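The chain that follows stands alone, in the form predicted on its own, written as C-alpha cells.
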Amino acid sequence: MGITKRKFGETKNGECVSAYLLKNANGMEAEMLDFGAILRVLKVPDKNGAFLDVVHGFDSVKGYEDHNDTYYGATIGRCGNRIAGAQFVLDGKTYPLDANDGKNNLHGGFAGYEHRMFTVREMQDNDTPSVCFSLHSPDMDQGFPGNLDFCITYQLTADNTLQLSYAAMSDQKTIINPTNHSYFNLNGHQSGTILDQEVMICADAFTWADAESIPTGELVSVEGTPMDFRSFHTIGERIDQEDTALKYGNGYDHNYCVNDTGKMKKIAALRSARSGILMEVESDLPGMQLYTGNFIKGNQTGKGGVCYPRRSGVCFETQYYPDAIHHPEFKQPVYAANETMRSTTRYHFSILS
C-alpha cells in the first residue's frame, strides 16, 4: 500500500523517466510515468481473485516514442480530439495548428503532451495514494495562445477507483480540453479483442461527423441505430453493420453527448462476463469519445511481448465535443485569462454480481 518510485528508462534525448506505482489496501495497482503522464499499468481483481492488467502499454520509453499514433495511456493536451482545418479564431485572431490528421488537428498536434516530460509536483503516500504531474506549456506552444500551467493528479481510492483530476490556468484566453487515452481490456491487455465485452453509455445522442471525423454540428438520436448503448451491448454485436457513421469511423470512434451534463455523474460502463470485472466511468464533462481501437495496426509489441491486434482495447475519452471551437452551439472549452479549468474522471472497478 502506498507509492513506489523506480527508474523506467531514458528518452531519446537522454531524459530520465520514472515510474510511480500506486497501490491500495485491496492490492489494486496503477503505474504512471512522468513521460507523457502516461497510465502504463492498471491491475484490478477479477472474479477469481487474480489481478489483471487491463490497459495497453509498452515496456520501454522507446515503445512510446516509436508508436506515437496510438496514444496508449497518454495524457492528451492542450486540446483533445479534432479541430477542423487545423486552425481556430479567438477574439478575431486566427491561430494555425499542426495538420497532423489529414488537414485537421488531432490531440494537440505533432508535439503533444504524450511526449513531454512532466514534473512530479506532489505525492500523497497514505490510504489514498496519489501523484500529481505538472507541465508548463509556453505561449504559442502547439499554436495555442497563453502561458499554461497544467497538472493531472492520479488518485487510487480504497473502493478501487482510479480518479484523474485535471487543473489548468493560462495567462491568456485559450482552449483547454485535456483527456486520457487509455485502452481498456477487462480480460487483460494480452487477451485479444474486446468484441465480446459489453458497453453501456448514458447518452441519447451523438455528434454526427463527416468522413474526416469532424462534427457537422448536428446532434443525432441513437434511437434505432447501432450507436445506441443506453443498455448493455457487446462491442462486436453491431460494429460491422452497414451504417454510415460506423463506416466513417471504421467502427466506433464517436463522441457521445452524455446526459445530465454539468455535474459529476456516471456516463458509461464496460463489463466482461469472462473476467467478471465491471468498470464504471464518471465524468463532469459534456462528451465522451468511444473508440474501439479500429486503427491499431496489429504490429506493435506491447507489454510482455504481446502483439496487440486491431480492436484489442476500448477508450472512454471524456471531453468537450470535438471541434467545439467552430460550433458556438456546443459547450466551449475556452477559458479566460487566469480562469482555472478543472475536470474529473473516475474509473471504478468491481465484480459483477
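Residues carry their position along the shown sequence, with the first being 1. Predicted model only: the values in this text are computed from it and were never measured.
Beyond what is shown, the protein has a form predicted together with a small molecule; the following relates to that form.
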Of the listed stretches (267-275, 100-108, 216-224, 157-165), which one has a non-hydrogen atom within 4.5 Å of the small molecule in the predicted complex?
100-108
Residue contact check: residue 114 to the small molecule in the predicted complex, 4.5 Å heavy atom
no
Check whether residue 253 has any heavy atom within 4.5 Å of a heavy atom of the small molecule in the predicted complex, and answer yes or no.
yes
The small molecule contact in the predicted complex: residue 291, any heavy atom under 4.5 Å:
yes
Non-hydrogen atom contact residue 183 with the small molecule in the predicted complex at 4.5 angstroms:
yes
Taking 4.5 Å between heavy atoms as the contact cutoff, choose which of 46, 317, 34, 31 touches the small molecule in the predicted complex.
317
Tell me, which of 69, 59, 65, 284 has a heavy atom within 4.5 angstroms of the small molecule in the predicted complex?
69
